[in-house]
Every structure is written in structure tokens, then in C-alpha cells.
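Only one chain is shown below, in C-alpha cells, and it's the form predicted on its own.
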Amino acid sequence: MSINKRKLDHINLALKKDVSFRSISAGFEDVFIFHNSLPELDFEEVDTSLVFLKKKLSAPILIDAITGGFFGAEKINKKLAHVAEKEEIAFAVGSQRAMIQNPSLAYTYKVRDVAPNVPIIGNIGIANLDRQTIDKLDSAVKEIDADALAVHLNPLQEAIQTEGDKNFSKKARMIDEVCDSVDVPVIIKEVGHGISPDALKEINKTKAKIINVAGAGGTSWTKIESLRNGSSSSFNEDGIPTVVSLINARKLTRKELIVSGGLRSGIDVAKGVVLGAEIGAAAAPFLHAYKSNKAVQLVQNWKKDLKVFMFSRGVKDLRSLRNLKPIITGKTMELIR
């Protein structure tokens, strides 16, 4: 099956089927930050802005990697990138493997014309890396004028995928090769099954600047691959909950962190920042909002949630938000002991 057909299948399944985790929660319900009944703040003075990838954003929100590489993908990327520009948040494209193999597909990833001022993040899978691909990464990044390159880790997805790349041997050392081959920061990200402490220790040794923990609790890519194959998988509910992965990452690395995997509100973004993330990311909610033409409204709702959360906790900026002390309960507490 061609990459183009596979990518189209992914989008259709994500839109039409229930592909979320059922038994695993991202874990945000286990994170408590008491509200402050006397915040001593003017709501209008609460500042949710930050600088990310050297560009100022209105809020720590990233529309994470969704697609690219097939006819029609450009519509999704352009529309959501335009929303990101309008709302001053960050945007990421899907895996650029398709355009590296077939340069005529590059147009499906190009969004700088509608998003001239916000960070754009490129994407490649670590399973797809070889010498030839690495040599083409810098031009792929430059062609879409990206501010960073995400290298995604997806061994479970590849193992379930019939045509998946299942050889993950000697891949960790390629991370530094990627870092040396491109002129932008490199982000290491999972795709929704979480990054374990062992993996974090290996990533910590590399030149990668940012880690996106992308934990379980949102979309299950093994479930998507199972649906594509017309089968079922014992691994549809396998993964490290997002909050557990984030807490482990904050303990084990000093690299910047992105939290994703089951974020569904600005409150989740706020809790992620309290737990040590620079920014919160999501894909599925924005894909569905694209389909219903409500992406702007969704971003605005998340931004309002974040601002209300900060106001009601008595903090006026993100630096102060990061200084709050969370209380961790429930299953999350059991898993991080």
C-alpha cells in the first residue's frame, strides 16, 4: 500500500471511528492545584504569552502533527496553520517522509504563506532514518521553512502496521546525526504511547533540544492500525499515561518538554505547565474542529480556560504558574512511586 493511501486512511479513521484509549486516561484528573479565593489579581493582567522556538506566542499551545503527503492534506494543513497564525500558537506538520520520497508532494506540507509569524515544526519518523534520508532532511526542513524538526518514535505503531518499519536497532545514535544535519532544533516525540525512563535516559545523551512526551490517553495509533488491517490488537490499550510520562521526564532531563497525549482543554495545558512542560500540544481535537469548522473557537476556548485557571490560582504569568505545587493522587501516584 502506498504512503499516500495509508495517510488518507489514517485521517479517515481518526475522523470516523473511536480511536481513543478507553482503559488508559492521560491522568490530568489526578493532578490537583488548589484554587485561590483571594487571587489579588486583575483578570485582564493575566499574561499567557511566551517565547517558543524564538517566536512569541499568545499561549503555550501547539497544534501537533496531523498529516501531509497526499492530495487533500494541504487543505487540512493550510486551514489549521492559518488558525495557528490568527491565534498566535504553534503548528506542526505530519511526517515528511512522503515528500522526501516524492518531492512533488512537498506542497501538501507548505503553510508558511498562511502562517508567516508562528513556529512551524517539521517531522520525520526515526524508523525511516537511513543515510540517504538524513542527507535530505535539511532541505526538507528548509523547503517548508520550519523552525524545528520533530523526530517521532513509534515502535508500537510500526510493529502493528502490516507494512511498518520494524527494525529499530541502532536508531538512537542517529538522533545526533539528525541534529548535526539540520540547522534547526530537533524535537524527539512519541506518537501517543509515552516515553519511558529508559528511553529518556538515552535521549538525554543526545543533542536533541526538546522532548514531546506524547503519552497514552488520547489517540491510540495501534487501534488505528488495527482498524486499517481489519483486525484487533492486544496492544490497543498499551502505553504510559501522559502525566506519568511528563513527571518522569521532568525528573530525568533538563531539556525543554512538550506535553501531549489526551489534552482536551486549556486546563490540561495549565496542569502540564505546572508539571514542567513549556507548552501543551494536541492533534485529534483540532482535526475534528477542522472538520466542523470550529478550530478558531476551540483554540479560543482553550486559551480562555488557561487564563481563568491562572487567575483562579493567583498567578499572572506562566513563570508563576510553573512555581505552583501540584498534588498528585490516584493511579498516577501509584505509577510514579
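Quick caveat: nothing in here was measured; it's all calculated off a predicted structure. Sequential numbering from 1, following the sequence displayed.
The form predicted in complex with a small molecule exists for this protein as well; it is not shown, and the discussion that follows is about that form.
Taken together, D64, A214 and R264 are fully in contact with the small molecule in the predicted complex: each brings a heavy atom within 4.5 Å. Only one of the listed residues (L287, L298, V274, L41) places a non-hydrogen atom within 4.5 angstroms of the small molecule in the predicted complex, and that residue is L287. Only one of L53, L57, A282, V31 comes within 4.5 Å of the small molecule in the predicted complex through a heavy atom, and that residue is A282. Look at 92-100, 131-139, 250-258, 173-181: in the predicted complex, residues with non-hydrogen atoms within 4.5 angstroms of the small molecule sit in 92-100.
Taking the partner from elsewhere, E190 is found to have a heavy atom lying within 4.5 Å of the small molecule in the predicted complex.
The closest heavy atom approach of H152 to the small molecule in the predicted complex falls within 4.5 Å. At the 4.5 Å threshold, heavy atoms of H10 reach the small molecule in the predicted complex. Contact between L324 and the small molecule in the predicted complex is not found at the 4.5 Å heavy atom cutoff.
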